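We begin with a single chain expressed as structure tokens, specifically the form predicted alone.
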């Protein structure tokens, strides 16, 4: 090999690298589109899950909590809260219903939203649904 790096050598490296990474991009796109239908969770959305999402948005829960890594980091991750509460919607509902307004001095606490039983059930169903999404093991720890 010559010691001089020529213009044609540079061009060949560029075109070769561009072709390689384009083919890699196409292969990864194909692999993703093949794998996504197996992970699709949308067919399990019920009226109650949709209503729970509306209650979630209306009360700006994402303003404090994260859901699957998205949202504020003030309060715990809720993507796996259903499993943390022993796979019990009743435990989630009791926790939300029993939250104090004032909380503990010097600690963050969740306010009381005074949700109806129907809204509580819907939010619990939404959190159950979101915990069943295949997230490739996110969050990385049980506590979120």
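What you see is a predicted model; the values in this text were computed from it and never measured. Positions refer to the first chain, counted from 1.
A second form of this protein, the form predicted together with a small molecule, is not displayed here; the remarks below concern that form.
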Q. Among 87, 44, 60, 29, which has any heavy atom within 4.5 Å of the small molecule in the predicted bound form?
A. 60
Q) Within 4.5 Å of the small molecule in the predicted bound form: all of 39, 50 and 129, by heavy atom? A) no
(Q) My question is simply whether residue 98 lines the interface with the small molecule in the predicted bound form - judged by any non-hydrogen atom within 4.5 Å. (A) no
Q) At the 4.5 Å heavy atom threshold, is residue 81 in contact with the small molecule in the predicted bound form? A) yes
Q: Report yes if any heavy atom of residue 67 sits within 4.5 Å of a heavy atom of the small molecule in the predicted bound form; otherwise report no.
A: no
Q. With a 4.5 Å heavy atom cut-off, would you call residue 34 a contact of the small molecule in the predicted bound form?
A. no
